[in-house]
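In the block that follows, a single chain appears as C-alpha cells, in the form predicted on its own.
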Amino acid sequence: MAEAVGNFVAGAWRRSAKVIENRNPSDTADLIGHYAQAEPGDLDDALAAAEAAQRVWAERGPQPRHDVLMAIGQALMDRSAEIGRLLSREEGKPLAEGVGEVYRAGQFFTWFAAEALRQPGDWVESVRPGVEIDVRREPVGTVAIVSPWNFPVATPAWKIAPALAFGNAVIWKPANLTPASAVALTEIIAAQDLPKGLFNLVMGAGSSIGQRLVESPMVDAISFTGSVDVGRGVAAAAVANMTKVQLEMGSKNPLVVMDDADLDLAVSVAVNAAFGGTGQKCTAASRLIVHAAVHDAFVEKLVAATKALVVGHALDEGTQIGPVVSEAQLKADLDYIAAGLAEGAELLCGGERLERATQGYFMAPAVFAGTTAAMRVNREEMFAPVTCVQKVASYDEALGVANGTPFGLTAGIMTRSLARAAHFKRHSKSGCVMVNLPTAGTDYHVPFGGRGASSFGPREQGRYAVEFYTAVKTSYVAPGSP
C-alpha cells in the first residue's frame, strides 16, 4: 500500500496508523489514494496550536489577512482545471461542475480578502454628555468547521475564508468521502504566510473525531453543514459549552410551475434544479408543484428532457450526470424509488441502476408523478437524482404545498406574472427565493441560508458572515480620558 496522505496539524503534515481508501465512484477500480485518520492526540494538538496562533494572527492586522486570502483565491482559480478534475474524480460530479466549483471557491477567498480590509464598527455619541462610545468587532477565536462531501471545496471555502479574514483560527474536519479535495485545498492554504497552527486539517469519522471536535471547550464557534440529525447533535454539544453555532442542514425545495409559465423554460429550469450535481445538492428541487392547466404538457416535456440526459463517467466529455457518490448512497436512492412506488407514486422514467463501461454507482434520473405531500418522497430529503411532481389547482394551493414542509432553504416559481412573483417572494417560507431560475445556484457575495429545519444561527456568505465569525464589543470612554 502506498503511503497515506496525512493530516495537517500545528503547521506540519502528520502520519497516522489509521487510514481509509479513496476510490472513484465513476470507476471503482480507480484508487485515488489512502488518507490518514486523525487520532485524538492530533486534534488536541491542533486545538492547542490554534489557540496560540490565533492571538498572533489577530494582531497582524487587515493587510496581511487580505494578502493571504487573495493568494489562496488566486491559486484556486489558477488551478481550477487541475483540482476540479480531482474533485470530479473522487466526488462524481461532471468535470465542468467540478472545475466551476473550484473556481467559485477561489472567488469566495478573493471576496473575503476585500472584507478583511473593511473594518466593521461604529462610533456612537453617548446619551451622557462627553462620553464616547465605539462598537467594534473582534475575532471569535477558534472556529471548528465541519463540511460535507457534495461540495468538497466550495462549502469549506465559504467557511474558511471569512474565518481567516476576521482574524480567527480554523480546525477543519471534512467529509471522509472526499479527502483528496480537502488535502488539495489544505496544501494551498498551508503554502501561505500563516502562523503555525492557525489552520489545521483533521480527517476522520464524524462519530469519533468530529464529535470530539464539536464537544471541545477549546472551540469558540462551530460551523456545520450536513444532515438534520447530525446538526441537532452538534447543536446539543455546542450548548453544553455555550459555543457559538451555525448550522446548514436539510431541505425539501419546491419549484412551482404556474399556468402562465413558459413551459420550455420551466422544463429547462426544473431539469437543472432537480438533476444538477446528480441531485446531490441541498438546493435541489425535489418537489415540482405544477398547475393543473399545464400539468400534462409540462410532465410530457419533463420526462422527454430527463430521458435525454447523458449519464456517465464524470470525466467523460458529454456527461451531464455523473455517478452518485458511493454504494451506500446508491442503495439509499434506490430505496426511495421503492418507497415511492409502494406509496402509489407513478414512476414515469428512470430510477434504476445503470451499467456503464466502468464499474460505478450510476443511476438513471427519475421522475415521479401522481405524488402527494404525505408521501416520504415529498417529505424527506433524498439527496438523489429524483424529483416528484405534485398537481395543484391554483396559485394559493401551490403556495400552501410549497410551504408545507419543516424545511425552508430555497424555493422557486415559474411565472410571467409580476404580481404572483412578488407575492411568492413575500410569502414563501424559505431563506432563498428564485423567480424563473433554478432553486440550485446562489451567488457568493450575498447571504445564504434557510428557515425551519434547514438552518440555525447566523447566515453564511456575503456581508452577513461577519455576524458569526466575530464578537461585538462596546467600549465607553469617560470625558478627559487619555
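Start at 1 and count along the sequence shown; that's the residue number. On a predicted model such as this, the values are computed, not experimentally measured, just so you know.
As for the form predicted together with a small molecule, it is not shown, yet the points below apply to it.
Undergrad: Of the options Ile289, Met249, Val170, Val183, which one has a non-hydrogen atom that comes within 4.5 Å of the small molecule in the predicted bound form?
TA: Going through each option in turn, the one that passes is Met249.
Undergrad: Among Gly360, Gly204, Pro94, Gly276, which has at least one heavy atom within 4.5 Å of the small molecule in the predicted bound form?
TA: It is Gly204.
Undergrad: Can you tell me if Tyr103 lies within 4.5 angstroms of the small molecule in the predicted bound form, counting non-hydrogen atoms only?
TA: Tyr103: no, not in contact with the small molecule in the predicted bound form.
Undergrad: Although the partner isn't part of this model, could you tell me whether Ser227 comes within 4.5 Å of the small molecule in the predicted bound form, counting any heavy atom of the residue?
TA: Answer yes; at least one heavy atom of Ser227 falls within 4.5 Å of the small molecule in the predicted bound form.
Undergrad: Verify the contact flag for Gly210: yes if a non-hydrogen atom of it lies within 4.5 Å of a non-hydrogen atom of the small molecule in the predicted bound form, no if not.
TA: Answer yes; at least one heavy atom of Gly210 falls within 4.5 Å of the small molecule in the predicted bound form.
Undergrad: If you check in the predicted bound form, is Tyr444 within 4.5 Å of the small molecule, heavy atoms only?
TA: Outside the cut-off, so no.
Undergrad: Can you pick the stretch from 175-183, 107-115, 70-78, 160-168 whose heavy atoms fall within 4.5 Å of the small molecule in the predicted bound form?
TA: Contact criterion met by 175-183 only.
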